[in-house]
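This document opens with one chain alone, in structure tokens, the form predicted on its own.
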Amino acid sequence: MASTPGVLGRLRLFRKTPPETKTNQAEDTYYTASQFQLMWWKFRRHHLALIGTFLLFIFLIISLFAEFIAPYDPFTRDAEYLFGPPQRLHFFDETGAFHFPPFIYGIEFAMDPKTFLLTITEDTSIKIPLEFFVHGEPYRMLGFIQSDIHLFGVSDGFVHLFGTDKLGRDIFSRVMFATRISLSIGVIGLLIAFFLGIIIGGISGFFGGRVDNTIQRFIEFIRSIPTLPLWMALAASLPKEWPPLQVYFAITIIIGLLAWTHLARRVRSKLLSLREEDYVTAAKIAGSSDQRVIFRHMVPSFLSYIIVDLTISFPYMILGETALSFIGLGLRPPVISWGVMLQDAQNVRAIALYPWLFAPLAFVILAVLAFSFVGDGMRDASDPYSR
């Protein structure tokens, strides 16, 4: 009987926490959480935004390590496999046996007696296993890391997961390098639009009066011009003798200079509503300069809305570069971008006979959807108290 209190005491330790106690703990956690924590909890409930974040992470990895992920240099040619279709990876052979790593079959060529087109079929008597971390063409990753290790490849010959183009260049490798160029144009253009929108919109909203009226009329003039014809006119004015790198920076600047007006309007409207707040008046009385009041006190108060606006605007910059390059007014070979690669798919013959040339289009769609999903999630998360 003496041991009974001890047993009862131990039983109390394992007793479940009452539901009302758990509810109180959850409420305490919610009401004591920081603004960032509330935004993160709201964001992670947006499943499409999480999927978009994962896709953007994949694009970031591809952009940073394209040389490692791509099995070949983007200009390496397979002269025996021109306009070759994608080679399928097989995990099961004709007997049903499982293979890992997967393999590809050999190829054989034949002439179609009716259309006189060269057809390519799989030779099931030849199995070529896929190898990982193989030695291949040397490269400099991130500009300074010398290596020749590639993520995958084959010991003899080539493997073309996305097929080849008219010169026999591996489309998968070219798409990996094109991802870096296309996304970097979007990022740099976005930074240009960000600083122009913040500065011009901040000046317009803070000072008002004639300054505001002049800036708003200028913005309306820019927005009244159709975007695509304006891009085409500016891109066509670039000298043909400019080197590819110079054209790359020029296109990036053009896209950034035409994308700041929407952000400037939003910044202006926010500052018009905030410039009479007490903390702004207190900062002025304390002797703060106009620049400090705008960028240290007013802009940070609605920074989350600015981030959301930029995230939603990013797809339009990617589409702008792709459209200009597709019609031949943007980037030009040997620069590789999604739009430049899609130039090879401008005719009906490519659609009918070589549909794998549209592989970059899938990456454009995924990038646009990813940024749109993340933008929607951040827009909801910027107001964590809404339902």
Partner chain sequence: MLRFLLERFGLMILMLAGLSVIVFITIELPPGDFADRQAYRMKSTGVRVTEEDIVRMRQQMGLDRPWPQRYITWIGNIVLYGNFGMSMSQHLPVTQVIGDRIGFTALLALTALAFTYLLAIPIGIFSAVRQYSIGDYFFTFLGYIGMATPSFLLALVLLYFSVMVLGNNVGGLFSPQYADAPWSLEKGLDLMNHLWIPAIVLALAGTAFEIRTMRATMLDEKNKLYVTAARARGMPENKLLMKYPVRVALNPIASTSGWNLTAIIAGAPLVAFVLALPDTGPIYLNSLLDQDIYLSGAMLLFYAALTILGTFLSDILLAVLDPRVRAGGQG
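Here the structure is a predicted model, which means the values were calculated and not measured. Positions refer to the first chain, counted from 1.
The same protein also exists as the form predicted in complex with the partner chain; that form is not shown, yet it is the one meant from here on.
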query = Pick from 38, 329, 55, 335: which has a non-hydrogen atom within 4.5 Å of the partner chain in the model of the complex?
reply = 329
4.5 Å heavy atom contact with the partner chain in the model of the complex for all of 223, 233 and 365 = yes
ask   = At the 4.5 Å heavy atom threshold, is residue 237 in contact with the partner chain in the model of the complex?
value = yes
query = Is residue 70 close enough to the partner chain in the model of the complex to count, meaning some heavy atom within 4.5 Å?
reply = no
inquiry  = Using a 4.5 angstroms cut-off on non-hydrogen atoms, would residue 229 count as touching the partner chain in the model of the complex?
reply    = yes
query = in the model of the complex, does residue 319 have a heavy atom within 4.5 Å of the partner chain?
reply = yes
key: Contact stretch among 173 to 181, 90 to 98, 215 to 223, 154 to 162 - heavy atom within 4.5 Å of the partner chain in the model of the complex   = 215 to 223
ask   = Listed by sequence position, which residues of 332 to 353 have a non-hydrogen atom within 4.5 angstroms of the partner chain in the model of the complex?
value = 342, 345, 346, 347, 348, 351, 352
